[in-house]
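Shown next as structure tokens: one chain only, the form predicted on its own.
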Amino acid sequence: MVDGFSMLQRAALVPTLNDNVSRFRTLLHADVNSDAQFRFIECAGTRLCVLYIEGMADDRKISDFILRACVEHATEQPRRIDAAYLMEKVVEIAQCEAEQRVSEILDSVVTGMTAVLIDGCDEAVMLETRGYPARQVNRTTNESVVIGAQEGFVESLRTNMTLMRRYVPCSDLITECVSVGTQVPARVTMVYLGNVADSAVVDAVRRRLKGIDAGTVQGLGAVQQHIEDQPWALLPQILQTERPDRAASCVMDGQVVVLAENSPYALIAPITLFHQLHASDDSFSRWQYGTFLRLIRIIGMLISVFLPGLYIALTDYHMHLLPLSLLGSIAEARANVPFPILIEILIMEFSFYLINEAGTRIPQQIGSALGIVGALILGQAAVSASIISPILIIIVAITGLGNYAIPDYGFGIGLVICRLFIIACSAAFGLYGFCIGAFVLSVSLCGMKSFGFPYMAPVAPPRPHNPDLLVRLPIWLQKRPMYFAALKVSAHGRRG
């Protein structure tokens, strides 16, 4: 049965309308599928069949610009109608094309387009009639900003592409569509500037997208896992964003943006570690403010990864490095705690992220109540019962705040796993383990790549770059593009 369906899809249309209709009835399971609509009409003595999926196509467009237009031509002298005549003289929809391949017609129809099959013609006219319900453009939910644009991507691919063209009104902006998935194809679009993006990067993204051989691809999250360089790495090598202004900024820097149907965010590649620490507020603020906020994020990242491990190393192995007054306070706070410091930290880490995950999943109306219960009642009860020391609650709270300062959600999760690795190294070998763990993380970061570009560049290895990295210099000094752009960045014509 599967082979029979494959043969029908690989075939081309024939000049007989009844045969074509029968083929599509079989492919769309029209005997049980009530959404597949076949509407027969006559135009200038030629029988036509309008094929669409109810709910995916706009009924008003079909009625006003296809059916009514054909009825108005029904009174004309009988003549042989082909796809070219139908597009030029009859239908009143701007986006239309002739198609002969059954598989392409089928894929277009199930996504909301309308096919007009013509008796005596081996081509169908494909008309843009998508009109399914979609969420309106609204504020972002995860990447909120104080200053800057407030729009976010939505689940409609066409709307997201329009947003990109609004932010980058340039004739060199290219939107290239790719179909991924073998059983249930997903529509994916590459967006890049033809005169800025490096052709090698564009070719690599295109090749990896077309190389996805999975039967189904559920959104951009699955696409990212299929095309990233190192799937075993802890930190993401592709940036996710729900902000069209940020995606547009990356496009102008020579990066490639990937959009997909039913995904309210975009993928950006290639990237570096520093892209994960940038936020949209930076470019809308004065350079002093942007630099200050960016340094706060970097300090927050370092605190999030290294503070608990450093606390374990100092209090368990190197107490002589602490001031005597601080050491006395720590010892007094932990006098009645029955657990070692490692177990104490793991309990607090697990509790902190359990509360965080529960607050994310439960209904919004009781989310604030959960925060109060978790932070006040459980925390106070744990201290009163001498299960957790008060100073450790401070350590874990500062660590959590540092992690929340990271703009990218996936990057923040990766830092949590890195923190657990540093904690394990510090608990095993003290400051020596802490330094070894930090060294291993640094080496792994320097060895990572994003579509062939070093993850730590343009710092390691050094590359010519725009002065908007760790600090943000004044806007009039930011004349150099990112090092992976195809534009020449030096007098010698060297590319980054």
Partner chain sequence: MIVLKLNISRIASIPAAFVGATIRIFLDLALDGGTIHNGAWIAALLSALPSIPYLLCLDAVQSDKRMAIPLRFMLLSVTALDAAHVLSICVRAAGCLTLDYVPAHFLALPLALAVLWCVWRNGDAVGYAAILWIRVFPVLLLLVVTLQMRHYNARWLLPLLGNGFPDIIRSGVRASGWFIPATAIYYVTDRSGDKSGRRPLSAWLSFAPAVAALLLILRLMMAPAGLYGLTWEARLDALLTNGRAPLYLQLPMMLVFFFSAFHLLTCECFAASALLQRLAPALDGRLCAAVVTVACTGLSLSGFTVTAVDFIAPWLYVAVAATAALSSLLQGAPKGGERPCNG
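Numbering follows the first chain given and starts at 1. All values reported here derive from a predicted model rather than from experimental measurement.
The form predicted in complex with the partner chain is left out here; the points below concern that form.
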item	value
Segment that reaches the partner chain in the predicted complex - one of 43 to 51, 427 to 435, 30 to 38, 60 to 68, heavy atoms within 4.5 Å	427 to 435
Contacting member of Gly211, Gly215, Pro323, Pro338, with respect to the partner chain in the predicted complex [4.5 Å, heavy atom]	Pro323
Selected contact from Thr162, Ser144, Gln230, Ser103, since only one has a non-hydrogen atom within 4.5 angstroms of the partner chain in the predicted complex	Gln230
Output flag, Met448, Met456 and Ala460 jointly within 4.5 Å of the partner chain in the predicted complex, heavy atom basis	yes
is_contact(His318, the partner chain) in the predicted complex, heavy atom dist at most 4.5 Å	yes
4.5 angstroms heavy atom contact with the partner chain in the predicted complex for Leu314	yes
Contact test in the predicted complex: Val440 vs the partner chain, heavy atoms, 4.5 Å	yes
The partner chain contact in the predicted complex: Ser444, any heavy atom under 4.5 Å	yes
